[in-house]
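The chain below stands alone, shown as structure tokens; this is the form predicted alone.
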Amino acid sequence: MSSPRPDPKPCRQQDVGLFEVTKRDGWARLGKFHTAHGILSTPAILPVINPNIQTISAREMWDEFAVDGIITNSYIIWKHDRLRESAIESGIHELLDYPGVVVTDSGTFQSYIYGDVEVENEEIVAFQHDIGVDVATMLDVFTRPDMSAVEWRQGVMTTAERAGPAISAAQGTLLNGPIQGGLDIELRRESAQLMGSQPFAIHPIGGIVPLMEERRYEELFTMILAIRRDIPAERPIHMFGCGHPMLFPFAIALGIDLFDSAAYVLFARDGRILTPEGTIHLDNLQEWPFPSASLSGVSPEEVRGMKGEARCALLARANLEITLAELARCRQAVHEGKIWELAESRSHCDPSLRKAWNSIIARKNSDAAMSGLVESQHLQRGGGIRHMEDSPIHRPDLEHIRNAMEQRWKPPPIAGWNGRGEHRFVAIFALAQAPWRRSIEGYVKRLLLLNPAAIPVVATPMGLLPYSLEDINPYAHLMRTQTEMRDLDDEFIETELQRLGLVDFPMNIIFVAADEDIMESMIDAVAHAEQLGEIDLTVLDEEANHQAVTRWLQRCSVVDKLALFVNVEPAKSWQAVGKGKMVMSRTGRIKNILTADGTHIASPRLTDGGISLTLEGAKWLHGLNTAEVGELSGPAVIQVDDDAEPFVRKGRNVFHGFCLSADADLRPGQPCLITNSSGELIGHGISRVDENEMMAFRKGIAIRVRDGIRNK
């Protein structure tokens, strides 16, 4: 047995019940829920502890499995005299011998199993307060899928009526406010609105166990989507009764923060093992198909020969170990910005899951419940992106950059690098290998030298990409980077040209070949075909022309990235950088972007192809009246109160609770400008939240400040 873990430190009294988000990937979020018995890091699972039969003791949960929170049933404790008296005398933590966060259920699930319970709502809530739980649960009405619509509504209304008395009976103890409603999606939303209007700490989604048992995953996911937008953003969402690791990536991607289940024990009693890919029965195993510390040194055959309780205990430990490992994998995926990629991969493990997941993805742009999902994804993200052959390229994490490009990118000015690019046309480079700068840059420059009217784009697995954005993530970091011939059908090309606003221009496809002579011949032919007259090959001989084209491409890249990632109108950017200077690195990449007067306003990033503003760049953007030209309004603006101003000016982060207002177009992971209560610019940074979350949360970092304007 490992050495005991130190007891957790209680949070500050003023932080009890507060939830802060530390990292996010769209709707998925890593957070901290603060309690008197330590911080519960989310997403987390609360293993169910039966106070009468502890297959794995609560103390082992803390010391050996590093579980920071558990859930037990207050109704069972209340019903048994010995347990009730001990809990009232010593408290729930001493009764269970557990120092971490203790959440209690109220008996609602017992009413689902047995038809009724012998305790009233206020009585069981007051009991939970008296025994010192960290988060109590009111006695709600379990709405089964097989109930009638009348029964669903009655259950929602009864639960809502009990909310106020439960909060009073809790006497300050944090309280779960369950969401009910059966299969009626609008009723679920109504329940979320009713319960969300009360000062609950956490909102569990109740009545979903039958859906999971019957593998009705599409209805389950639809239910999550229906309620999440009506639950206050600053409160965790708990998926009551969900403990199978197979469902974690999907639920987390849709915004779930907490899970609980006795599945680790219940499946073990039946000789079944939980895995992220599904359930395995012990009888079917000759080898363990996964690493497990609990099962190390013992074979499946030996485990089958064990007596009932010993076998159950061993398998329960393995199930818990695997469950916690998968949850850790999900947290890491959120940290890396890859929770959607993980969910996509896991969906292939089960036909019902795959069907449900594809259905949800297909609805993301047409379903009001999924409004904001795509925009919540980070535009600038690092790391490679795995793209499977049958994987939809329209995953939310991939589609956000496509949508932003459609809304913000514009073709370069008509003049071109030499002022003679009036008759523009599109040249699609197909079958090119990334990195495209290395494989086709020379050919792109040759085309522009011969015909400055060309608009070069690259065919990628995610669609057409303007060459000026050739190094941005995820386009340049897809693990499948070659567009095949079969991908370039007429419908694909027309749709993509329409998306980029290029459908009305003449179009040519240049299939990239390994032979340089062939490539030069194709480039020359395309340049000639679109030229109103003979092409002049002597233009290739002048070094000054090559330098001019290089500078043109650099400026196109800067202008397009400012539009895509900072929401700056291209016409404004061309005014600033058209006659400016690019400071280059030793490897030939843009290092710093300077205006004509030498002001350093931004720097491209090599890691993800994005762009970072400087303080002078923020001042430039704040001074622009972008509404005069085009539709892009620049970065969102956040106004902070007087208490926060001196800290922002020193470059310190903005915390929740100090924001007075935020623009409606504020998005997580995007640059923003920070002003004081008078509207004066005092700094700039990267927002971690959207407008609603900016104003809702009361703890945690709201803006990562990059720099502040010091007082003179």
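From 1 onward, residues are counted along the sequence shown. This one's a predicted model, so the numbers in the text were calculated from it and none came from an experiment.
One more form of this protein should be noted, the form predicted together with guanine (GUN), which is absent from this view; the next part is about it.
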- Pick from 470, 105, 569, 341: which residue has any heavy atom within 4.5 angstroms of guanine (GUN) in the predicted bound form? 105
- Item | Contact residue in the predicted bound form, chosen from 240, 248, 565, 264 - any heavy atom within 4.5 Å of guanine (GUN) | 240
- Choose from 371 to 379, 281 to 289, 202 to 210, 551 to 559 the stretch whose residues reach within 4.5 Å of guanine (GUN) in the predicted bound form, heavy atoms counted. 202 to 210
- Query: Can any non-hydrogen atom of residue 128 be found within 4.5 angstroms of guanine (GUN) in the predicted bound form?
  - Reply: no
- Item | Contact label in the predicted bound form: residue 142 to guanine (GUN), heavy atom within 4.5 Å | yes
- Task: Please run the contact check for residue 137 against guanine (GUN) in the predicted bound form: heavy atoms, 4.5 angstroms, yes or no?
- Result: yes
- Task: Find out whether any non-hydrogen atom of residue 319 is located within 4.5 angstroms of guanine (GUN) in the predicted bound form, and reply yes or no.
- Result: no
